[in-house]
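Just one chain is shown here, as structure tokens, and it is the form predicted on its own.
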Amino acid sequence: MTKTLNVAMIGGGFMGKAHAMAYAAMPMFFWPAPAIPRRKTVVDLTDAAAETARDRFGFDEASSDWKATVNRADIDIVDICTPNNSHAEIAIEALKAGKHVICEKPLARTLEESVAMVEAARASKSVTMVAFNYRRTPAVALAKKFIEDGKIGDVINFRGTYLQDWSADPNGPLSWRFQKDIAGSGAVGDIGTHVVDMAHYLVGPIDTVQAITSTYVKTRPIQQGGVDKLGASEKSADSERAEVDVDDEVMSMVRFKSGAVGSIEATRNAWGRNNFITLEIHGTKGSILFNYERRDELQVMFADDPGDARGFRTIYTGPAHPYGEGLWPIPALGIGYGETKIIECFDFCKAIVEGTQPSPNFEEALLTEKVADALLRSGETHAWEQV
């Protein structure tokens, strides 16, 4: 009989919606499922908000008391979908209670909080995961396979970007993502860590960085009401404004421990860019190119191709590729953000059943937080900083 895992999800906002959908859909895609995640209880800031999330996301129960919930004997998984300032407190409490924990990225606001979370994970027997879901895009996993198989030889160069424009308008509201005491950092932690995670996944650990960090919009309108809104909604030029104290952009040169070099760029102020995550990787025997806005495609060039066939070719991911057996039966039929969350849920549940640690777990995600810390330090010192 397939094992059931009772899930307590903390946070009923946008990420809660994505995670709840994944719990419901994972067994539909990956059957027989490693386990059946049961949406047991959802926690939000108020009883009313939690009841709304329960009805909307299909949970059995609702609560506004996260601490009592994570200590319940009938809860197997604690899923943290809250702003960054509560990640450490919830995760450490859940790990002490013996729960498996999946936490939205970044791991925490600061390196110190991240270390405390890792120490709690080491002291437990729990499975942990940080939700860097973009690495689970089948085309990115295929790139990983090609690299591991030696198709492009030794990696010598990595270029990664994550460009968005949702905060380019200075009249977008002061989301918690623009407040250091809640978010920890701006573009670095919010989206730059995704690029760092994929760099680690595909190339290996980053050793040193030299970064420029910039804040373009110094103040934003204070949000009205209790629901956090991203910069793309409810513009208000006339509202009272408050300070933005995090970075809007980071650009950095990086050196990997392997000897490879590269660059990372992340900004939320690039007009015309929606979710523009790109990876270009050059090796001694070929190259790989990926653009998340065309996420079913992977472009590859192999140096041993005959002279009359040189150039990038496009592979459309499908059943023959990573995770293809559980997704759609026709290449290029189209996957979306939701499917990456479904795959993430599958890998997490599989690890729990098998008693293994998935990737990235808290320990691996700490390496990404160390890079983020070095990027922020370099942004201040304008010097190369050791990770």
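This structure is a prediction, so every number in the text was calculated from the model and none was measured. Just count from 1 along the sequence shown to find any residue number.
The protein also exists as the form predicted together with ligand SOE; that form is not presented, and the subsequent description refers to it.
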Point to revise | in the model of the complex, residue 87 touching ligand SOE (heavy atom, 4.5 Å) | key: no
Point to revise | 4.5 angstroms heavy atom contact with ligand SOE in the model of the complex for residue 275 | key: yes
Check your understanding: Even though ligand SOE is not shown here, does residue 190 get within 4.5 Å of it in the model of the complex, heavy atoms only?
Key -> yes
Exercise for review: Answer yes if any heavy atom of residue 99 is within 4.5 Å of a heavy atom of ligand SOE in the model of the complex; otherwise answer no.
Suggested key: no
Point to revise | Contact stretch among 117 to 125, 253 to 261, 163 to 171, 138 to 146 - heavy atom within 4.5 Å of ligand SOE in the model of the complex | key: 163 to 171
Study note, to complete from the structure: in the model of the complex, the residue from 282, 295, 109, 194 with a non-hydrogen atom within 4.5 Å of ligand SOE is 194
Exercise for review: Sort through 158, 290, 201, 134 and report the residue having a heavy atom within 4.5 Å of ligand SOE in the model of the complex.
Suggested key: 134
Point to revise | Neighbours of ligand SOE in the model of the complex among 87 to 106 [non-hydrogen atom within 4.5 angstroms] | key: 105
